[in-house]
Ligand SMILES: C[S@@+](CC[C@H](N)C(=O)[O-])C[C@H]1O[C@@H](n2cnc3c(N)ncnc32)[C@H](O)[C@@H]1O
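Okay, so here's just one chain, in structure tokens, the form predicted on its own.
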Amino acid sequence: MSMKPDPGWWKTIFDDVYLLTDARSVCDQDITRREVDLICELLPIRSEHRVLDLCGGHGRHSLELCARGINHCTLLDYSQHLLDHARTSAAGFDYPMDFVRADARSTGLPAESFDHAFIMGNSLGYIQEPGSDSQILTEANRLLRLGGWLLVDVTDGAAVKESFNPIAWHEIGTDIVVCRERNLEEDTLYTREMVVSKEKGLIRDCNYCVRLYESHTLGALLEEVGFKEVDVHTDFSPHQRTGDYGFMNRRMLGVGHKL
């Protein structure tokens, strides 16, 4: 079976099943805190700053920043399901967050609206159309005020290629099994994911892909769209235990300054 996905796979996959299958990375509060520690270390965020959580999913980083006293967080994502999830969470704490559903390549937001922006959780490289990642980063640059910073968190492509594992699986509780078959073609990782309930049978059988970056290609991309003082930090892992976390355990953080 071919693992080549439908080009629009990223428009539909991010739902409750995603929150279940990737819970070890995206629903673990300790991991989120460690990631936000890094955001606050690498970006000079102050409580009065306006911060954009771009491709932010269910808003775990924005929620944690609000808990730490950041007063102006805007969460933008294409998935209405994840935005609704974030909105419910924020309402429970009365956090001051804004929610925007949009394509990150063209958000429709006013230029120079934010002091800082970040793209966390390997949310770059999903759209296979040529130049799509450049469009996302160009849009992020447009939305930043002069002096603002962008942080991009992606899988470390060099680490993936070094220890590539074509087959992986893990269990969730006593009922759910997640199986992933992978194929690496140059800088694109193709995956077939099957989610099976021991009680109910097949829950999901889907294909998706991600474009991989290495430190030099990520840095070059940030510079190409106009960021200055670009720096790429490698070998970051928020996980305390070894294992295959869908390549979320070996990450890079690219930082760029709008001057």
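Source: prediction; values computed, not measured. Residue numbers run from 1 along the displayed sequence.
Beyond what is shown, the protein has a form predicted together with this ligand; the following relates to that form.
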| message | Whether 114, 139 and 256 jointly form a contact site for this ligand in the model of the complex is the question; each needs a heavy atom within 4.5 Å. | response | no
| task | Tell me the stretch among 141-149, 126-134, 170-178, 155-163 that has any heavy atom within 4.5 angstroms of this ligand in the model of the complex. | result | 126-134
| message | I'd like to know whether residue 61 contacts this ligand in the model of the complex, with contact meaning heavy atoms within 4.5 angstroms. | response | yes
| query | Going by a heavy atom distance of 4.5 Å, is residue 189 a contact of this ligand in the model of the complex? | reply | no
| said: Test of understanding: in the model of the complex, would residue 102 fall inside 4.5 Å of this ligand by heavy atoms? | reply: yes
| message | Using a 4.5 angstroms cut-off on non-hydrogen atoms, would residue 209 count as touching this ligand in the model of the complex? | response | no
| query | What residues of 7-37, in sequence order, lie within 4.5 Å of this ligand in the model of the complex by heavy atom? | reply | 10, 14, 18, 26
